[in-house]
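Here we start with a single chain on its own, the form predicted on its own, put down as structure tokens.
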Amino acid sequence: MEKAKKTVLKVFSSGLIFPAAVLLLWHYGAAGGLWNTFLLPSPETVWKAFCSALGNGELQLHLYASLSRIAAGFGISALLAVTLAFLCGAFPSIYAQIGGTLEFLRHVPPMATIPMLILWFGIGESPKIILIILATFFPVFLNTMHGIKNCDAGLLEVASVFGYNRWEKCRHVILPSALPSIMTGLQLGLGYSWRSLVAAELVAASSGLGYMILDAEQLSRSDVVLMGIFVIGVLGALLDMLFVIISRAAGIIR
């Protein structure tokens, strides 16, 4: 009896109750004809679409294309954002010159730049990667700036007493202090990169999870659309979980 209670408590604490309830409602609602299954197919139909795409290799192809774009866009964005944040922190005059421009760009939706990106860079991979960069840059930049600004002034004074130059202060004092904020920004940026994936693959793509969803919508394959949404959500959550696990193992976050 005690073991059964522990099992029930574990299930409740794991957060599986709500997803399981939604899945059951979805299954029985579709089976009972509560809605048009052409518009919202049953879980079994979506699962069959997943198995079919996995079996013929189509899902792996789209997955590789999307991951490649996210890796390139997120990697470039993180490097630019962290580097620029440290430059602005070390040289306030730089931020005084570009702060207004950055604030303007922060409020421009990345999708609004699609027509201009196509005119400038064509319909290759560049516009897609730039869109992901635009979507992920500011979470990383702003969190890094927050970490730099909140560095303990006492530690900086001690570093000055020991004769540290600007580079040594940045490396041995500011960077360790700002690292938790940087990791938070990177985690948020990684999430934004997934959220911008469909928008990035609107730009004349012929592969990728976003393209797969849009192509399925044009073919009225709602099962494939749902399958693609679930794949993006699950994979994004797994990457976020992996990011947290690695950060905790490295002692960067608790």
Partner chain sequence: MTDFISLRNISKCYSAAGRSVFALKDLSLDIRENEFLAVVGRSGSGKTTLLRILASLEEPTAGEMRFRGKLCSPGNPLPSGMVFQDARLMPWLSALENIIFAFPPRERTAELHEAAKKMLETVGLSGCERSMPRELSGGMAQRVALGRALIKNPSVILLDEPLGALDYFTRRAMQRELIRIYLQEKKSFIMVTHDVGEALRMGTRVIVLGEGQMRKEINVDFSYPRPRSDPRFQRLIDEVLDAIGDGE
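Keep in mind that what you see is a predicted model, and the values were worked out from it rather than measured. Numbering follows the first chain given and starts at 1.
There is also a form predicted in complex with its partner chain; it is not shown, and the following applies to it.
Engineer: Even though its partner chain is not shown here, does it sit in the predicted bound form so that W47, E58 and Q60 each have a heavy atom within 4.5 Å?
Structural biologist: Result no, not one residue of the spot touches its partner chain.
Engineer: Residues in which of 128-136, 149-157, 98-106, 71-79 have heavy atoms within 4.5 Å of its partner chain in the predicted bound form?
Structural biologist: Only one stretch qualifies here: 149-157.
Engineer: How about F162: is it within 4.5 Å of its partner chain in the predicted bound form, going by heavy atoms?
Structural biologist: Judged by the heavy-atom cut-off of 4.5 Å, F162 is in contact with its partner chain in the predicted bound form.
Engineer: How about T184 - does it come within 4.5 Å of its partner chain in the predicted bound form, if we only consider non-hydrogen atoms?
Structural biologist: Close contact is absent here: in the predicted bound form, T184 is far from its partner chain, nothing within 4.5 Å, heavy atoms only.
Engineer: Please run the contact check for S177 against its partner chain in the predicted bound form: heavy atoms, 4.5 angstroms, yes or no?
Structural biologist: Yes, S177 sits close enough to its partner chain in the predicted bound form that at least one of its heavy atoms falls within 4.5 Å.
Engineer: Do V173 and its partner chain come within 4.5 Å of each other in the predicted bound form, heavy atoms counted?
Structural biologist: Yes - in the predicted bound form, heavy atoms of V173 and its partner chain come within 4.5 Å of each other.
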